[in-house]
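Coming up is one lone chain in structure tokens, specifically the form predicted on its own.
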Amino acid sequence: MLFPRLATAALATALFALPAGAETLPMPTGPVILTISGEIENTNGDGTAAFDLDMLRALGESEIVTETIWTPATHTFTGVRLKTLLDHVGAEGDEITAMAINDYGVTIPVEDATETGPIVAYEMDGAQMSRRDKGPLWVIYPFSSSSDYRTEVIYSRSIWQLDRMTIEE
């Protein structure tokens, strides 16, 4: 009778260790291009949420048509809304530390993640972005839609070659 009690206690401990409403996300089947960690409820491995391109596409595509200070002319960027991505992982924090492949990092307030705010872009003008073209992921704000987005602070948050985000209090 000792084993059933231990098993019950272990099961109860495991259940209470998971945050309420936490989900296990599917595992990526392609190369991982984004990993999110920190204050998130929904994961697919060791406290992190790893995404391949197909998983990001499955969250719903959004487009932003805008000029940037780094590229000539107007471009159409396609990606997932930052808000949608944060909602999907159950983010519970105030700031995002966004890191690039070369370990360059910026802080993005979670309050920037609105229905009309930035996207995590994976395409520019219908083509995937290579590292040379600031890919595979680039945080794009709708710069052309409002002067509120054309500030040095916002420009500094538009990190390219994004590959990691940590959600922090």
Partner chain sequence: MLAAVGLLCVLAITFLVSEIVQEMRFLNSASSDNVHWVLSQAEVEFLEFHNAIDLARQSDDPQALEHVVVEFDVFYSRMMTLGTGSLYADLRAIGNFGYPVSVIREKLDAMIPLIDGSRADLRAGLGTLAAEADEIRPLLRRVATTGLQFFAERSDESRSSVAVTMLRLALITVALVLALVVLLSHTRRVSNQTERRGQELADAYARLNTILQTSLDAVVVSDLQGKILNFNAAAERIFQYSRDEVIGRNIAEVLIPDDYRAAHAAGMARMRDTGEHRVVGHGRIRLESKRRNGQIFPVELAIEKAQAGEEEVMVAFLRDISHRVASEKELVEARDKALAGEKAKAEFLAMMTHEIRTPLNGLLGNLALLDKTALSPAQGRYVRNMQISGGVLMHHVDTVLDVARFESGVSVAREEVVHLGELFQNIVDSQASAAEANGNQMLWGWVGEPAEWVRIDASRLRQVLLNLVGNATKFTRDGRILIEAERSAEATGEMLEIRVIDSGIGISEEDQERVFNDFQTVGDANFAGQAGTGLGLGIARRFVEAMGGEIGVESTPGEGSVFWLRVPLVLADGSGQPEQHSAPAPETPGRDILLVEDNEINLELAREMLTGLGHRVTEARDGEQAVAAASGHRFDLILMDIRMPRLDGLGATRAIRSGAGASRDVPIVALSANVLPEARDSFTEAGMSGFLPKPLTEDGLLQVIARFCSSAKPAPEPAPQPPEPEISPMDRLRRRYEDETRTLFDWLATGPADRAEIAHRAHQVAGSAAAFGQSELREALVAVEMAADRNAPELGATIAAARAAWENAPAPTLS
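Residue numbers count along the first chain shown, from 1. Everything numeric in this text was worked out from a predicted model, so none of it was measured.
Beyond the structure shown, there is the form predicted together with the partner chain, which is absent from this document and is the topic of what follows.
- In the model of the complex, the partner chain sits within 4.5 Å of a heavy atom belonging to residue 101.
- Proximity of residue 71 to the partner chain in the model of the complex: non-hydrogen atoms within 4.5 Å are present.
- Put simply, residue 52 is far from the partner chain in the model of the complex: not one heavy atom of it is within 4.5 Å.
- Heavy atoms of residue 145 never reach within 4.5 Å of the partner chain in the model of the complex, leaving it off the interface.
- Heavy atoms within 4.5 Å of the partner chain in the model of the complex map, among the stretches 26 to 34, 56 to 64, 114 to 122, 130 to 138, onto 130 to 138 alone.
- Interface residues of 143 to 167, taken as those with a heavy atom within 4.5 Å of the partner chain in the model of the complex (partner not displayed): 147, 150, 151, 152, 155, 156, 160, 161, in sequence order.
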